[in-house]
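First, one chain by itself in structure tokens, the form predicted on its own.
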């Protein structure tokens, strides 16, 4: 059996810090944290309160988590971030990236100074979180254009459709593709076609709001989700985008067929607004697709709404 001295040595050797924290947020004791790559000596925290050290919003989250662990008696596993902006007395100037932790929080079956206490083990997971974020971004990103891909589009459409149903704010959808792309590919090669697709992706990023979601749907098809824009506003956005693309390619003398006939790159756009009659975002997407088809049949380089 381990005696008290041996147990103290074991706790002190823990690589991750383990905090005993009371219901009111008081640091009662600290053990471990010997992995100096990630942690500093935290003994100065003993006797202080979370609310004295951390700004209110983050402090309230810590206290609520402690209370939940004490009341449920279950092991809680929470991921959270801490940066200089969260700590009182520090300037907001500092490292851009926060430190990410995984906290394992468990109520203990005794009290200290008449208060329930939890064991809070904090593991620095910043490297893991960065890798997960990078992998998630890669899985959501179209490799050619850098825009979101179809997988991400489906998530965004689902989110905004559900928000429309709950809160009633307008959501519109643009669907467009390139005019005469096949002629460009056949005459100048697929590399020229890829360049045209990338150029249009760049125009979208420069022309649209930061809150708009632009996705490459597949091939030369794009879909844009416009939160908080009704059909009239979406039509205005679509027309502005159409003109921007037309102007960008107007003086591009590199796009010619082998017979020296210029290839006029433009876009045809279908526009729709999510409506109360829609049972799913797929219905609105199909309307936008139908409107795009009408724009193509109507002569291309135009906007049609449905």
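As the structure is a prediction and not an experimental result, all values here were calculated from the model. Residue numbers count along the first chain shown, from 1.
Although not depicted, the form predicted together with a small molecule is the subject of the following passage.
Participant: Answer for residue 107 alone: is it within 4.5 Å of the small molecule in the predicted bound form, judged on heavy atom distances?
Facilitator: Although the small molecule is absent here, residue 107 would stay clear of it in the predicted bound form, with no heavy atoms inside 4.5 Å.
Participant: Any chance residue 287 has a heavy atom within 4.5 Å of the small molecule in the predicted bound form?
Facilitator: Although the small molecule is absent here, residue 287 would stay clear of it in the predicted bound form, with no heavy atoms inside 4.5 Å.
Participant: Residue 185 versus the small molecule, in the predicted bound form: is there a non-hydrogen atom within 4.5 Å?
Facilitator: Flag for residue 185 set to yes.
Participant: At the 4.5 Å heavy atom threshold, is residue 296 in contact with the small molecule in the predicted bound form?
Facilitator: Close contact exists here: in the predicted bound form, residue 296 approaches the small molecule to within 4.5 Å, heavy atoms only.
Participant: Each of 144, 177 and 197 having a non-hydrogen atom within 4.5 Å of the small molecule in the predicted bound form: is that the case here?
Facilitator: Verified in the predicted bound form; spot residues all in contact, yes.
Participant: Within 4.5 Å of the small molecule in the predicted bound form, counting heavy atoms only, one of 80-88, 177-185, 121-129, 206-214 shows up; tell me which.
Facilitator: Within 4.5 Å of the partner lies stretch 177-185.
Participant: Which residue among 140, 156, 102, 220 has a heavy atom within 4.5 angstroms of the small molecule in the predicted bound form?
Facilitator: After the contact test, the surviving option is 220.
Participant: What is the one choice in 228, 111, 151, 190 with a heavy atom within 4.5 Å of the small molecule in the predicted bound form?
Facilitator: Flagged contact: 190.
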